[in-house]
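Encoded as structure tokens, the following chain is the form predicted alone, with no partner shown.
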């Protein structure tokens, strides 16, 4: 290996260490940091992110990337990704990076207090600042059609606003009548079994056991509690999950844990040879979301899974589940219900939640929506998409943490991930034909091994599109997801959901 290549890898590893250290501070802020530390923590995070940005975008790093030659295929992939990232990051002034870090450090606590108090005006100036900074970032990065393209590309490389709008438009055409049919077929009274009381300690213990069973390695990770569930990674061998437990509702805590574990399994499954490099991460947020949604929905809300775990759930919560049979339990878990809360939404209405957020973000960044008008616009679009109007801003535009962290452009990846999850699920079932029996017996190893071979181990060496094409034979589309939900929900609720051939 040349001296220049060694120097470059050392610099890139140092950048990675700085960003991971900033992630430690952010994780601590969401889990254990005392409230009084907000201002200092915002400054500390801003310093680390600024230093990482300055080192990565320095003339020294750029010069090395211009001159070094790869020795191995791994080197070639590292240089390709590093050059792509550098091209983007050099367009963003380090001062802007620090401004964003400082603004979001302050906004997170402001959002938390505003949500708890149902006080949008208290959060409004923070959101206005973040939107302004994101517009400045988009202008610095550059774009061809929409400034929102520059933000989306950070989370879903090579995806465009126009392509998202096209995919979402096609999906919405099929989805709205499905929701209308199934919302009428669901049994709200049956879903009452999922509501409390559920002692938090018993919920935690049940969820932790399932995470161990599916393969999350607690020697290389942990789970804690936070106001909003998330996953963060400091290294392949240090992956952190959080969840939020409701004492009067079983689903949010358990499925939040299962969802975040899907993210965590992806991070723990990256090839160890990529440790400490820019390649040691998920290839896109859509692909990342495909893994969390696959474990949460295709596995966690399936009959084989609960044939395994319902007896254990009856033991954990005998007062609630001792008399419950599996068919009504599955219908309760998969009930289609128009809810104002995204993280509590069912598989079908979830995508409509994401479409609302996509449209809101696009309009904020493209200048068609003023920050002061966000609550009204949110409520109007929720009524249009789901037929419901939030009763408060706390269950409306203040419910998600994402805008307070500055990650505009992120929300579309949730729905893109749903579509990818169904494509990957179909391929997995073809390659592991006894998958249902394996899940029923609690044998998750073959499934996890397949996912690690096909998706996880590649990190950023392969794009999301290439993984989809290599694994499923075609690129992103909604056909597999629509076929999956028609089959599943038609069988659960005894209705005919036949649609166009896919």
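Just so you know, these numbers come straight off a predicted model, no measurement behind them. Positions refer to the first chain, counted from 1.
There is also a form predicted in complex with a further copy of the same chain; it is not shown, and the following applies to it.
Here the marked residues 14, 21 and 40 all reach a further copy of the same chain in the model of the complex, each with a heavy atom within 4.5 angstroms.
Checking 33, 62, 476, 448 for any heavy atom within 4.5 Å of a further copy of the same chain in the model of the complex turns up a single hit: 33.
In terms of contact with a further copy of the same chain in the model of the complex, the residue from 240, 362, 288, 353 that brings a heavy atom within 4.5 Å is 240. Though the partner is left out of this view, residue 50 does reach within 4.5 Å of a further copy of the same chain in the model of the complex, counting heavy atoms only. Taking non-hydrogen atoms only, residue 220 approaches a further copy of the same chain to within 4.5 angstroms in the model of the complex. None of the heavy atoms of residue 483 is located within 4.5 Å of a further copy of the same chain in the model of the complex. Although the partner is absent here, residue 492 lies well away from a further copy of the same chain in the model of the complex, with no heavy atom inside 4.5 Å. Just one listed stretch, out of 468-476, 23-31, 433-441, 448-456, contacts a further copy of the same chain in the model of the complex at the 4.5 Å heavy atom level, and that stretch is 23-31. Scanning 257-277 for heavy atoms within 4.5 Å of a further copy of the same chain in the model of the complex gives 275, 276 in sequence order.
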